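Single chain ahead, by itself, as structure tokens, in the form predicted alone.
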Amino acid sequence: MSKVTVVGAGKYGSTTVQRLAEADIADEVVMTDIVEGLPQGLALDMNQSRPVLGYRTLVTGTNDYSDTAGSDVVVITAGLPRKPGMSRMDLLGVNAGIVTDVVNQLMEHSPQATLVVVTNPLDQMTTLAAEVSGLPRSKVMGQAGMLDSARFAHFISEAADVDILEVEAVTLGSHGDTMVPVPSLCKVGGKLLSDVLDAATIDELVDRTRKGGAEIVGLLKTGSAYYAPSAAAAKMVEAILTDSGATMPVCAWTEGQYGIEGVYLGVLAKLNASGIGEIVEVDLTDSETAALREAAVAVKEKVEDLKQI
């Protein structure tokens, strides 16, 4: 019996639950939230869609963490979302308290679970979840690179006017200002990105990718993105549950790769039943490697802010 818990029944959390349920890769998906009735109502609605769409996964809505007991994977979406004009770092203090409380309750009931953190600021909250949980670092990861890479791919497909499925894009580094989109690893229809788009256009796409979340927040005005983020989180959970070993860009604990260690950072990694199976170190240009190392320094500095809370 496989079981996944998603903490938070807001738009991000509930959409993640829906995607996981419809993928039919778990026996049960538990959705928990502090708002009474919200996860229960959403779960009932989703369960009634099963005969229409033809999947068996049962969704359980609850306000009680005891219902999450025995979870194989937990996705933590709980926390305040960004509003226009806010940076991810503006959420540090309040979301640190939320994540600490959530992880403590989760570990009481599912001490062996693999954690996928999506709460912002992502790199810092992933670090915090690892420290609070006491789990091996390989069993705690953050969802960022999958989302940022998808945004990069979308922008590339628009600029090159090609089928989105012909685009391969990779984004590493932090989930924020020191994000590192990696043009040298991007391809369009099997061709190098530099053979399809000029340098100035690529630079514009890199900048837009770094600001991709803020662009959506500015347009929505009352919330942040959740369709693409939930798709990214669900894909990570699928790789873990199915023990696929799929290589994905995720926020993982570094141990010397690219000359970086002791920090959670966006890198390519193979995901399997144990969580992070291994980090895949790939060839980067000198400037991309330098940017990745700068991102690591920036994240470490921001992690220090956690100690002041």
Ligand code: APR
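All residue numbers refer to positions in the sequence shown, first residue = 1. Just so we're clear, the structure is a prediction, and the values are computed from it rather than from any experiment.
Unshown form predicted in complex with the ligand; subsequent notes refer to it.
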Listed residue (178, 127, 95, 209) with a non-hydrogen atom within 4.5 angstroms of the ligand in the predicted bound form: 95
Contact assignment for the ligand in the predicted bound form, among 115, 237, 172, 102, heavy atom within 4.5 Å: 102
Contact flag, residue 224 vs the ligand in the predicted bound form, heavy atom cut 4.5 Å: yes
4.5 Å heavy atom contact, residue 120 to the ligand in the predicted bound form: yes
4.5 Å heavy atom contact, residue 34 and the ligand in the predicted bound form: yes
is_contact(residue 79, the ligand) in the predicted bound form, heavy atom dist at most 4.5 Å: yes
Per-stretch contact check against the ligand in the predicted bound form, the hit in 34-42, 276-284, 48-56, 249-257 (non-hydrogen atom, 4.5 angstroms): 34-42
Within 4.5 Å of the ligand in the predicted bound form: residues from 204-222 (heavy atom criterion): none
